[in-house]
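Look below for two forms of one protein chain, each set out as structure tokens: first structure 1, then structure 2.
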Structure 1
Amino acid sequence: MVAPAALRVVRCGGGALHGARAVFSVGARQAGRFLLCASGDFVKMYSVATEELVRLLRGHGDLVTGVQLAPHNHLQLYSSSLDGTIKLWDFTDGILIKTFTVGHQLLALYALPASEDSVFVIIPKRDTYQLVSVKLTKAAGQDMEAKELSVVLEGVDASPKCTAFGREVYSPLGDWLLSLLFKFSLRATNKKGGNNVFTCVACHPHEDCIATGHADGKIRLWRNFNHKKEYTFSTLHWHHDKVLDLAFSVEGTSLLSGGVESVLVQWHSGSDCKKDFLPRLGSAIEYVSISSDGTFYCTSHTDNRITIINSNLRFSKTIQGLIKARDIKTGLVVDPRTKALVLNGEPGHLQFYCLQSDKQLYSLDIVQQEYIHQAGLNQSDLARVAFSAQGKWLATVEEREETDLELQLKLWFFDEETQSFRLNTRISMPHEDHVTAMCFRDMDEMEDDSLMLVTTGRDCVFKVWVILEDTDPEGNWSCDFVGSYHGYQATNCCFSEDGSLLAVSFEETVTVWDSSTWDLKCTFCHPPGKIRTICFGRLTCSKYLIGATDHGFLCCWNLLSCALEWSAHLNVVVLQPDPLSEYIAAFSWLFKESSLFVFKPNEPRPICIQRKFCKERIQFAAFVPRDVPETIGSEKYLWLRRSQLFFLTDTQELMTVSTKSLEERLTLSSKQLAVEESLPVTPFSLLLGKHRQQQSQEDVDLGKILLHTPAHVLPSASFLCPIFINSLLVSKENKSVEEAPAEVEMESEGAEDDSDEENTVTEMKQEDIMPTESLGETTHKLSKSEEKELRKIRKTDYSWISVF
């Protein structure tokens, strides 16, 4: 095991899924089985049937901009990236076959069946962009230079949606078609002014027909453009805003369009009157793509989601990553029950995001109002979220700001039966002005009467809410106490660990209240500067109160002596205490760099300082408790033992810090994939698999008999050996290529359990030698000469497999 060197910042999931058009994999054997899409620096492969992430193709150094199946080998995939490379993958096995270095930023990628050895890419050229074709050499070797560029078209748009290839790519007409298209765009904009700017284009797969989407929501179908000037066009109009993407069906009989309305429209035979809708897809449709056999449609949405739709416009599956809300107001909250990260999701929803599987667990509808996808409309959204200690209660605040503020405080009770939150109390206008903070008091030891919610508002008061039990068995919430301090705005609130004290910050002053009598106990102040965040120390440090001011001071007050213990000059943006230990993490923002300081309140010297570890400003942070405490070698990083620190940057990238080296993380994921690979796929393969399993069972039975029967009743080993080997040989011959490695791996895992010294780091190598080893284990009883013979047979057998 490699000793942990330093703390690394790791991007943990949540990458955008809508970097480029998603592609359905094709092939005789596994038609439409996988969906490939660009996600950040990776290409992700999802199973269409189960919506699981099957494989992650990593290798690009920058954002992936294009994903295309290789036109002549449907098991291979081209991907282009901003790092200037085109990579060719064997996506079924996750192997990088070739890397072509182009040397320019690649903004879009098109692969055409007509041009076998070249692909089209869009590269920037000074201020404009040009479409070039890149010749891909077929020479052997992994890394290749692809410098043979021939410019096809100058001055195209950067967006991959603004270029499309028609059917005539066999002839030079293809190029001509493009240029014509471009001329159209110029002319149309000139004629009618700025509003009908082209936004996207699609070509009919069989006819001379081009569909263009416009910014005013119209779709135009152009025909007859071969005859220079007498082109005709028809207009389809349904969208009220920009048409974001267009796609023709495989046969060309229908056209799909999507826009910000988040409605997928299917136009039949190019007429305006016959159309079908699939409404309420959640958020704006960024890309529409169709599988090559036409059975599936797929829409990529701006909120980081891919929806798979059946060809009869029935919603089928959804692949949901971390939703990037327009504005995260709730911060990062950890659900104590599922340990999921909770934050703003779809408008009006709360998303529960599982960190381990990089997947959305579920989305809770808080606002419960119809969301209208229309620009400039002010609709209610979630502003604050708080969980009680056990996750039994959830409090949410939603607000809608127009001429006057609409506020609603909702309290949700976790229903064990339905395993979801149920609305218990709805309080409209809990405060006169925005709610700035909210926290629960909920102790494990005490009964329900300790449950209490505190909200602070800009209307200069904080309010205490408690359950009244007399009406309902569960009780309803109502206001118990209203506190204020000199008419200052209340900005933050925080309960001490035992729940006896409540700290509320009023602009420059922190007030400490007794939570049983609501007496003001004492006040703290560290002028100048308003209090930004406050938190109590925990466990051994529970007598301290930490506060950060916006004038760059971090102060620690002792609650016993009511005096300032220490203060430090630090511009703290986020202050996050670990719920399981006394450590507190503080993120500062200085000289456009974020730094991390971890300290215990009882000593002013930080335990861990990580300067300039992130170039972006940290917005929110959260400690997520680990299931199993991690073993951490270094004293310095002991604070990472019980919980993991996650944080969200300005650009809504979710990151974490880790002491593990890169390889360790990689091996973990590859191991996981090996298991998934052995999953059965199609009905046919299931049938076949059953048949084969029956066959293979026979020899397993023989092996079992050999191993489980007492040695003294068996005939001599020399007699048994040929039978045993024969049985093995026959079974291996019957097995198909893709099943053999799967079984080998299963075996290897079993073997791994036996041998303790084996290292996970060397696991990759092991897989190669494993077949021999595993077999050797089963035949330990045999004599050496026979064993040698056996190995020989085994080796030849293995090489025979590897050819495939």
Structure 2
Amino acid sequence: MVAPAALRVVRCGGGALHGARAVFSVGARQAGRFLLCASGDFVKMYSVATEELVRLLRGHGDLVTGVQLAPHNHLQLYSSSLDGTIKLWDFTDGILIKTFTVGHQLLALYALPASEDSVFVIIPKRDTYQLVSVKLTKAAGQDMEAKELSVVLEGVDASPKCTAFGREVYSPLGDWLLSLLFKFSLRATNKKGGNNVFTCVACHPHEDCIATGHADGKIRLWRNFNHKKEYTFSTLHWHHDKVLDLAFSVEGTSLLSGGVESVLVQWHSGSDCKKDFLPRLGSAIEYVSISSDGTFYCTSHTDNRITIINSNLRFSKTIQGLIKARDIKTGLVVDPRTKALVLNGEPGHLQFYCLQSDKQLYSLDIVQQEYIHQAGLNQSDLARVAFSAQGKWLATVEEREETDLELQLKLWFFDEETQSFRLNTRISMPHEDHVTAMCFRDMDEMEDDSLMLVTTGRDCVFKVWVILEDTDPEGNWSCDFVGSYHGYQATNCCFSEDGSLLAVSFEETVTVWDSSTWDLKCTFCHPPGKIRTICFGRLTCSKYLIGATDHGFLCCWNLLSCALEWSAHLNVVVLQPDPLSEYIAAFSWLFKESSLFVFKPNEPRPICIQRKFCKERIQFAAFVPRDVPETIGSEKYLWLRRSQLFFLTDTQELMTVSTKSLEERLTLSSKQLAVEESLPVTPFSLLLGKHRQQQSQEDVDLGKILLHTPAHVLPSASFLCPIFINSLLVSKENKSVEEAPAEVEMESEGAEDDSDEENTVTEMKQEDIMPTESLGETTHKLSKSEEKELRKIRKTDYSWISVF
């Protein structure tokens, strides 16, 4: 008997692309060059020419902290991780060559050409950090122990930007690399109030020159430091805040610097007067990288973006991952059209994040105001977002709190022509206080009568918004009903599956309303504690209403009997129903660990319990429908068959749960790369593959297409009749009528057998070759005119029918 697969927590995407310095592969052409960067537990390889994700290197068990090309084989890559291992990859084929277990957390990685069999790493030691050299053995085998460590320097900084290696100096007595260490000292603050704290360091590739960045925005170039007490430095100053990273060009003729201003500065010949700028890069620059031939620059940004820049400071490409917003107020919402996750992005923007490609699809500007990067300013930001069932309507709430609260409710309509959302209605101050929840009811979006929006607020009311018919063909939204309950604050709202009931929680009480007459039907209460979240059951469990209180109770009420069905003592922080099944996922938080419980409302015993599966608090969760149902071997995990569960932690790590092992968890792109000899997957290739699949099914689905297409858009029956007859003919794999020589007569294999069974077999084998006996009847042989007509039908192009 095969043991059921265990449920694994996987970092599915959204990893920080700016966690370590990115590196360029060595290539003669732009089309054959790649950018390799750390992203969570993975190493990602992007195409410089197309910015597409080409390969995902999996294998580390914790955060990847460094990537470096192997100095003596540019087709191989070293990567370090907090899991205490160094891995050697053949990144072009995605093959893991070796794993070196060091046994310490690795915070940074450096690979030098002079050290062929060793690398340098930064490891923790009590309250400080060490720069050590790790000996990499060349013995046979894939998993190796690398316990031979040599301490190079004590008391270094944990940041990889604060350690740099300069040009190589060899001793005339041998091939030993000389370690030249110098100490420069500056006062923490100078007489003018400048902050001299070091933030980053870079070494000149050919000269004895060191560049240091400081917290006051100054850059210092240190020279003559190989003479005792005679070192000199010059100062470059443009940044108004701390310098975040420095990098010399390949020839050393220029210096690149980046900071919080989102501007890449290029200093020429170490002069304060000669500098060029590339502004408006979006967010603060964390790392600056340069290709080995100097033709490309790369900047990694705090908003999880990588920008590829030409050497003449012209923008080339951008790779945008999941933006880590300062505060996620909208939660995780699924766009019904694209199945993308929608949440806060840049200030005042909604980001649409594709889970399959781990990239941002696009960003929608909601606030439509210029954001000022200055601390202490209260600026408008997104607080709530909701989609209608088919994604036709989008509702957003933005708020700004100065002396008085400013609120705006905006309704956006999806324009099919422009394939984007267009602002339809703007409502100022929809509530007198903060909006706490928002949801749509849309049983049939073709009828505007069924479409309505409900908002709840701290002003102790909930409001119902509907579309008014006026001169605008799309209609404008207006308030239709205002409800309240004993002056309590309204905190949550949700509609039943059929839209006939609306549940609104008012502090400790849940109220149920008739959505057609707005009559209060019943109330539920389970003291002590206020209602934290509510949801209706679905499908066979639609008669149940589930709620969680902030005092640690999970309750299930029966809407038919208006009584409590069951309750459980559980501190639920997130309650998420699956839109395609009866299952509901509940995340609890206890003793600084998160647990997962999956249940059906009609069964008080959970179907799946995963205790202490995450040491971070879960903020939000969402079920995303799968394109193809998953094959699940265990009944315990059948709730993962039609939808996939994603959740966001308080550190904004996007995770999911999976029953597949590491080898089985291949993305669609990885599978296609393996089939097509590791060629990068482009949107055109995916579109072509989909077209070929549709074309192969055209004959099978033709009858269905004809029957399901509206009659008023179909051509005449005389034109469709040959198409339908042609779809019923045998496939081209069998021998056609015209290919059989007319002068050759073949004798049936079952001519001498009177058995009906053998006659049937003979008919199957000799189809379209000669007349055969079946049930005592002889099929008529086609005449030459009939064969000519048949050839004409087959040559006719009926591809236009596929559009229907």
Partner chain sequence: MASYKPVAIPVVPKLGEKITQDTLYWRGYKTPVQIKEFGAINKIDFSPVPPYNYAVTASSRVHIYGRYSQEPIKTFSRFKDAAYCATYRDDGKLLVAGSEEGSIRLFDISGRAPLRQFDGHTKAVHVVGFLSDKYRIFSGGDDYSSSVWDIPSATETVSYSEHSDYVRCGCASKLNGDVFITGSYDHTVKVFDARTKSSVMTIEHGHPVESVLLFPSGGLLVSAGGRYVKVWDVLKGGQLLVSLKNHHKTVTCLCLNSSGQRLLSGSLDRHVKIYSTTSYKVVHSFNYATSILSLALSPEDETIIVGMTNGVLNVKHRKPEESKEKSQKKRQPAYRTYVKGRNYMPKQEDFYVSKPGRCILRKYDKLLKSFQSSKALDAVLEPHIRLYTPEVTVAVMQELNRRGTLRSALAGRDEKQISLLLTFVTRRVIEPRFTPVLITVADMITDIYQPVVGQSALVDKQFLRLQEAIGREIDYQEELLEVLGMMDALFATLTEKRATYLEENKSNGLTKTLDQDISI
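Take the two forms, find the largest set of C-alpha atoms that superpose within 1.5 Å, and that set is the rigid core. All residue numbers here refer to structure 1's sequence, counted from 1. The structure displayed is predicted, hence computed values, not measured ones.
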item: Chain form predicted on its own, by structure number; value: 2
item: Per-residue C-alpha change between structure 1 and structure 2, Leu405, threshold 2 Å, rigid core fit; value: no
item: Rigid core superposition, Ser388 Cα moves 2 angstroms or more between structure 1 and structure 2; value: no
item: Displaced residue check between structure 1 and structure 2: Thr455, CA, 2 Å or over, core reference; value: no
item: Rigid-core-fitted C-alpha displacement of Ala38 between structure 1 and structure 2 (angstrom); value: 3.7
